[in-house]
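One chain comes next, on its own, written out as structure tokens in the form predicted alone.
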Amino acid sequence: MPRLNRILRPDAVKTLDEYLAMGGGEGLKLASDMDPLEIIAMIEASGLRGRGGAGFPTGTKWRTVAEMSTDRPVSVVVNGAEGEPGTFKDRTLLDNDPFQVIEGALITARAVGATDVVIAVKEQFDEQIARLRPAIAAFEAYGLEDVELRVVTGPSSYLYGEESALLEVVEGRPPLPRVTPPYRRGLADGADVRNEASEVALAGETSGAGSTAVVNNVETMANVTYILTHGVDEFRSVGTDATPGTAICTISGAVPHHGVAEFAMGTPFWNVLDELGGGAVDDHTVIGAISGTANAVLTADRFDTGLCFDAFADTGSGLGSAGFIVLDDHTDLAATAHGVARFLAIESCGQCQPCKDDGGAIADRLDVIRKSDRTAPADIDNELESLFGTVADGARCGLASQHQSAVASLYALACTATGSHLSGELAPAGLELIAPIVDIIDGVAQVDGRHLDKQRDWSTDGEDSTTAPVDLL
């Protein structure tokens, strides 16, 4: 199945005039004449699922917020804090056409009765910020918005992309995930709450107890615009019943060409691998792929699985944000497992002690293996199995469970390499840097090398204080 250009246009849209001439704004115009509940019903009928990674039904999220917001302030927050290793889709979308993302956010605001729209990105996303701010100004100049639109920039931390931590950043605090979800507490209504810890003053179950928020991913918002503009039937004309529409995929790792492209949901993964990545490197054999650091390995014998949240889950893996790091028979899987564990151990905030401590211990033991350290304890395999079992105890966000899915599955797949490292038959492997993509240049993903300097306390001065980020912040 070939790549598509539904929301990822073949050529970048440079101005609002150009966008409007292409039919932009029609979805917003239609939404302005609809009852808010009709808009929500339309999104529900489309079957749109969030493209941030979890695949939660978008219409269900909107209806929940609308029902809890009858007498509360409500905000719409666009999550553009992309930081999942292997993923570059949201920044590509914002570079290509920020107008459709803004239009989708304004449609969402009409549906849930919001008066505030925030587009949250990382402060180092210079190119995307330079596209967003003029685009917002153009919408305001044309009178196409009747809510407050603003861009909020935040830190490079991986957890900034977690929706409740993102709300913390928007309110001026560090990216520390909350317990309470956005539909029970969103953004404060103008109050100065910068000194509150993230678990304080959470909205209660009864109405009137705090604000609410809809948090949707950049790609989700672009799809909202497509649905309102072209209709439910057209949106569902590609994809699967369970996951209609398209997915914007990123391919990197052990393939000849790294890149980003849009495919119909249901497209077999091998098709994406061949069409976008160019298949295997010469004289190499692809053995699997990981969807960022969030899901278990999809092994090559399951590459006929179609792009679909449910189909990927049925394999024991997950579609996530459709950012795939490809592995082949020249990949040192023990080093890759350590690379993923190292990334997660560093990015853990420390609010949940097992996540920080056990996650760090997992990374340390895998480091011993990749270095072919003959002094490794004889029961290191049992130690790792025990740590995988406890790392997510009491976790308030999904980071800890990623050790149990991505890292544990890589470790299981690396059993032969692990034994060879520990016996000394295999030479020490170099550090496999698993970190966010900062750019794709001439078909090669540029991974953030600055992550090599980042310590587990989130400092970059070369020496870890051994204090958890939550205690320092």
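These figures come from a predicted structure and were not determined experimentally. Position 1 is the first residue in the sequence shown; the rest follow in order.
Keep in mind that the form predicted in complex with a small molecule is not shown, yet the notes after this line are about it.
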property	result
Stretch from 405-413, 43-51, 426-434, 23-31 whose residues place a heavy atom within 4.5 Å of the small molecule in the predicted bound form	43-51
4.5 Å heavy atom contact, G161 and the small molecule in the predicted bound form	yes
Contact of T220 with the small molecule in the predicted bound form (heavy atom, 4.5 Å)	yes
Proximity of P268 to the small molecule in the predicted bound form, heavy atoms at 4.5 Å	no
Touches the small molecule in the predicted bound form: G398 (any heavy atom, 4.5 Å)	yes
Selected contact from A81, L228, V101, V297, since only one has a non-hydrogen atom within 4.5 angstroms of the small molecule in the predicted bound form	A81
Contact residue in the predicted bound form, chosen from N216, T212, T108, S317 - any heavy atom within 4.5 Å of the small molecule	N216
